[in-house]
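Below you will find one chain, with nothing else, as structure tokens; this is the form predicted alone, and questions on how it binds or moves follow later.
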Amino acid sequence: MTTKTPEQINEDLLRPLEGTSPRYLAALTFFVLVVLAGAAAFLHQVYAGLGVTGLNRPVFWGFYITDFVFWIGLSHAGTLISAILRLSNATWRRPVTRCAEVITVFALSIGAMFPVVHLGRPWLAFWLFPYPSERGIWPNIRSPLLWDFFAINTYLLGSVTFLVLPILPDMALVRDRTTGWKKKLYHVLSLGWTGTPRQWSRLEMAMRIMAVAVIPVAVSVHSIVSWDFAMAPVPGWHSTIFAPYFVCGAIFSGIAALIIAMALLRKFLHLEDYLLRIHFENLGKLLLVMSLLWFYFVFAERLTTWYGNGSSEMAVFWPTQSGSYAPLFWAMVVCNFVIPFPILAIKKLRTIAGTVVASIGVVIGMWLERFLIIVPSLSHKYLPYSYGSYRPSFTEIIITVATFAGLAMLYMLFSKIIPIISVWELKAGEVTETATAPALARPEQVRAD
């Protein structure tokens, strides 16, 4: 992918770990302040109660559950895409995989917090966890909330493992280049890695196993999240199409988030020689395919609802098409299809800037989609006397904005501790397309690099 020597690759990819610019500190400070504002808003909500939010009868789910579904979907950016690219042996993936896998871990961790944020008494969140308590009371196994607990924790454990495994050789490389307290820190992070053929063989085997195992787990996670809605007899929710619809939307938003993250890393960490146009073009093609699939699912869902003409379903359908929620619905269609399709379908427009513009639209559109799935259905139950409305409060907005700042903050901190592009994988691609990792990085070569 590049023509750089191993020494140049080390110098370029390890540079962010060695120095801190004023611009970096300013950006990190800004994101930390936004996160602190979100934490303060949450503490205010805990003290004053859920009355400070816009949640009310009959809309008991609003911004928080929208954020929960959005972040769980966004987490599919990394582990799922990286696993598929690894199994298909796509050689262009090498600079991309770690950028993607980091998004999964952080987005999944942020999304998992929202069920607790949504609780009026978050200190009682452990009541949802299955554990042998003295009361002898276990959560209802038929509850989708319990399914979420198992699915998200399984996915998080697998994603963290999938992220940590290929980091070990790079931690050993940094360990051998530093001194003092940093050397001790990276000695711990490298977990005793020395680069022996036996360690390389086991690393490759473990990564293949995890790549195979994580794909069905990732698909099952968002399927279970969709069943939080599909299992409920609520107009607009009780549908068999929700599981594939949610999985498609998760991959769609995940690819868009990955493209945006790559563009920012390319700009601010000066990785123009590693994150090339071909990476954005290939991911743009995947984004185009997912945009078409997303449009198909939305069209099929709306068509069957309109043709069925059920009174309760139409009470949800028309407000989203031509009523109070219509501006949000058509904005979603514009962001998810009208803008990305021509940009990504026309080769001349499928540039780095073009794919980033399309991806920003997709991220906005997919958040709107989650909101439109939740709120209109709860606002229009089966009987007209139970209709209601929802308007988010300033507390909910601040907490939502703080989660985006939290992802940026975690990403920045990660890039200062660990190389955001896998150094050893990039070198493996530089030597030869068929080079194996054990042949590339013998113990003496790891230390020399």
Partner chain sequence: MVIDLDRCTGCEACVVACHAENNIATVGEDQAARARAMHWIRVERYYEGEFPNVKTKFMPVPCQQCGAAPCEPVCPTFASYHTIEGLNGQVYNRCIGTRYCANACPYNTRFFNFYNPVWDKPLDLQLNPDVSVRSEGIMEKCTFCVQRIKAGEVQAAAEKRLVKDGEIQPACVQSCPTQAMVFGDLSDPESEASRLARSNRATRLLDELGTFPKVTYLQRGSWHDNENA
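Numbering follows the first chain given and starts at 1. Remember, predicted model here, so these are calculated numbers, not experimental data.
The protein also exists as the form predicted together with its partner chain; that form is not presented, and the subsequent description refers to it.
J.: Spell out, yes or no, whether the shortest heavy atom distance between residue 53 and its partner chain in the predicted complex is within 4.5 Å.
T.: Judged by the heavy-atom cut-off of 4.5 Å, residue 53 is in contact with its partner chain in the predicted complex.
J.: With the partner left out here, check for me: in the predicted complex, does some heavy atom of residue 227 sit within 4.5 Å of its partner chain?
T.: Flag for residue 227 set to yes.
J.: If we define contact as a non-hydrogen atom of the residue within 4.5 angstroms of the partner, is residue 299 a contact of its partner chain in the predicted complex?
T.: Residue 299 lies outside the contact set for its partner chain.
J.: Does residue 382 make contact with its partner chain in the predicted complex, using a 4.5 Å heavy atom cut-off?
T.: Yes.
J.: Just give me the single entry in 121, 277, 270, 347 that has a non-hydrogen atom within 4.5 angstroms of its partner chain in the predicted complex.
T.: Only one option qualifies, and that one is 121.
J.: Looking at 360, 264, 293, 234, which is the one with a non-hydrogen atom within 4.5 Å of its partner chain in the predicted complex?
T.: Checked against the cut-off, the match is 234.
J.: At 4.5 Å between heavy atoms, only one of the stretches 408 to 416, 66 to 74, 33 to 41, 382 to 390 reaches its partner chain in the predicted complex; which one is it?
T.: Only one stretch qualifies here: 382 to 390.
J.: Within 4.5 Å of its partner chain in the predicted complex: all of 128, 142 and 378, by heavy atom?
T.: Spot residues vs its partner chain: full contact, yes.
J.: Where, within 249 to 263, is there a heavy atom within 4.5 Å of its partner chain in the predicted complex? Residue list please.
T.: Residues within 4.5 Å: none.
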